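Just one chain is shown here, as structure tokens, and it is the form predicted alone.
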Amino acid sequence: MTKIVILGAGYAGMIAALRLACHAEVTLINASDLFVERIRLHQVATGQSIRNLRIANLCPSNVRLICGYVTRIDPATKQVYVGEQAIGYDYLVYALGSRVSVTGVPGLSQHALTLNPEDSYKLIQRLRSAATKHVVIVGGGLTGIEAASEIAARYPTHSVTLITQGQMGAGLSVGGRAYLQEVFNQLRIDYIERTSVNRLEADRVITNRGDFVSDVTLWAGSFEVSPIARESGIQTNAIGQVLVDQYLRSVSDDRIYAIGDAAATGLRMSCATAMPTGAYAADHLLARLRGESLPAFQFAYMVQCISLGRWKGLAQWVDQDDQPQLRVIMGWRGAVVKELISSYTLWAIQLERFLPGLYRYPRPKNYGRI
């Protein structure tokens, strides 16, 4: 039977593993035995109870799970190393995902926390501390907006400030940005736009527009990917994403597929694109094993959803290229849409275990014609 090794059990890796499990010998390698719902880490950070989901309980029994860190890949011999253990493969699915980068700003790694899983419980304790009065979030993307809203709603006595290099909610329509500003005003969140952070200290954030006192600094800046692909001789772009062809195969080795944030697809790093790439790569690989063909990977965006605390949200409709449209759902209705979509990601994984191939994702109207 064909041996397929999947590196990473995030949203992309899980969908790929479940879709392939009935047709091949699948080995899934992940740092831990827990499935991390990254889209809920802002809830975890504020002490909300989120279910611990074990990967083994989400997968059929024929998926072999290995917990550990990948140290290198040897494409020439088709082997992956976890420490000194070598695991052979016929095909490799590279899905090591991304994490918030903590490099590039003096003091960042020493004085800031992130929404990376290893920081979650530190953040809980710091936010609960009686000594915490000022919280600064750096980053005006969806991660920073959701974190600021969640923290301000959960801890109304804290002073919460969001600092961003650009415009807060830049990917939203005029109506979407107006509602976001309205909610921030209601939650008493100060937002400082078009401001660069020069360095971090233990009790403050130093910017080009002055200093901000901070008892807790949460860094929600850009993402970085694992260096394993580059270090293993696989062709990558400047930030380490695997360069892929139109079928999500590595341009340097067509037995390697790259999916999710680890693939240089030109798509936004997000769960919204991770799961479709995982599903497509699995479908293409299965078609390949059967001697069949599939059209090139294509994906169409539909909506951006933002939670603004537990009771308010914003669902911004976008065109297939992720550009904002006029339609926006706000308030409690927006929160319901956001929660349904967040829940759907897990439902899709759970259903895929029993009905492989059930998960579907939006495609352009001209899908299959190019």
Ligand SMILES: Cc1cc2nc3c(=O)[nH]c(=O)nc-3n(C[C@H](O)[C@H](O)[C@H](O)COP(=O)(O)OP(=O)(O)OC[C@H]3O[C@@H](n4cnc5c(N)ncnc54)[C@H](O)[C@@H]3O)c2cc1C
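The first residue of the sequence shown is number 1, and the count goes up from there. Quick caveat: nothing in here was measured; it's all calculated off a predicted structure.
Beyond what is shown, the protein has a form predicted in complex with the named molecule; the following relates to that form.
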Quiz prompt | The single option of 335, 41, 328, 59 touching the named molecule in the predicted complex, heavy atom within 4.5 Å | solution = 41
Quiz item: Looking at 115, 112, 234, 135, which is the one with a non-hydrogen atom within 4.5 Å of the named molecule in the predicted complex?
Solution: 115
Quiz prompt | One stretch from 148 to 156, 163 to 171, 189 to 197, 221 to 229 that, in the predicted complex, holds residues within 4.5 Å of the named molecule by heavy atom | solution = 221 to 229
Exercise. Identify whether the named molecule in the predicted complex is within 4.5 Å of every residue in the set 4, 75 and 256, based on non-hydrogen atoms.
Key: no
Quiz item: Using heavy atoms and a 4.5 Å limit, would one call residue 281 a contact residue for the named molecule in the predicted complex?
Solution: no
Practice problem: Please run the contact check for residue 98 against the named molecule in the predicted complex: heavy atoms, 4.5 angstroms, yes or no? | Solution: yes
Quiz item: Any of the heavy atoms of residue 317 lying within 4.5 Å of the named molecule in the predicted complex?
Solution: no
Quiz item: Is the gap between residue 250 and the named molecule in the predicted complex 4.5 Å or less for some heavy atom pair?
Solution: no
Practice problem: For the heavy atom contacts within 4.5 Å of the named molecule in the predicted complex, list the residues of 283 to 306 involved, in sequence order. | Solution: 305
